[in-house]
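Presented below, as structure tokens, is a lone chain in the form predicted on its own.
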Amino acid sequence: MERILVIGGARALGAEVARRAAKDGYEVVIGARDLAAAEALAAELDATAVRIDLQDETTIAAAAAGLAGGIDHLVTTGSAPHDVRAVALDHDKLIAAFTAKVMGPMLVAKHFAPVLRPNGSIVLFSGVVGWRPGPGSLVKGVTNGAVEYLARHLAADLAPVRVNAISPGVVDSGAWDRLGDGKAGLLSKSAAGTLVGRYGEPDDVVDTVMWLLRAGFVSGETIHLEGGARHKTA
């Protein structure tokens, strides 16, 4: 049985990946900053929970040491949004955003490379805003764009372990529920901004993650999963 670690696996898209992986017969390890939430989902899925905080390298190192039996696949969905204009940037929040998306995954690679099996893979998460600049999306855009280069360079550095990234558009993953009545408007606007005329669903993302785990001839790539939004001109 192949073993998969999902970092950020206690909520939203990470939890959906963990659920599908368990259903598909993987041995699932859920990594999260909130260990209680990870343990709750792990109990539901007959999985294992481990505390991993991408902002704290010691938790990454400890988790890797505890999984010395080896893993086949690693998925990291972590993020720490800092959606402000340049004049309002906060140093600590800026560092946290880059750590969640870029530096944290690099440290994950540092500590987990010794326990990743040679035919294994890593899946990183980027996002469409990396290719759609706009006011207030400076940090999110740059960090998501950097993930594309991270996938390329990690793939070369860790070969034959495969490393790829997924760049979703707006997905109804539960993250937008905080908008209340405004959620429907955001999703409608997002759908109109794609070539396929709809917004993303969690299964769109999970299907792609599961495909990448098995796509043995794909490495160093970023899969754009946003209905052609980058190509919509009007």
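The first residue of the shown sequence is 1; numbering continues from there. Computed from a predicted structure; not experimentally measured.
We do not show the form predicted together with a small molecule, though everything after this point is about it.
A heavy atom within 4.5 Å of the small molecule in the predicted complex is found for one listed residue only; from 171, 63, 49, 209, this is 171. The contact with the small molecule in the predicted complex, taken as any heavy atom within 4.5 Å, belongs to 175 out of 45, 67, 191, 175.
At a distance threshold of 4.5 angstroms between non-hydrogen atoms, residue 204 is out of contact with the small molecule in the predicted complex. Although the partner is absent here, residue 11 sits close enough that one of its heavy atoms falls within 4.5 Å of the small molecule in the predicted complex. A residue is said to contact a partner when one of its heavy atoms sits within 4.5 Å of a partner heavy atom; residue 57 fails this definition for the small molecule in the predicted complex, lying far away. Proximity of residue 39 to the small molecule in the predicted complex falls outside the 4.5 Å heavy atom cutoff.
Residue heavy atoms within 4.5 Å of the small molecule in the predicted complex occur in exactly one stretch of 72 to 80, 114 to 122, 131 to 139, 157 to 165, and that stretch is 72 to 80.
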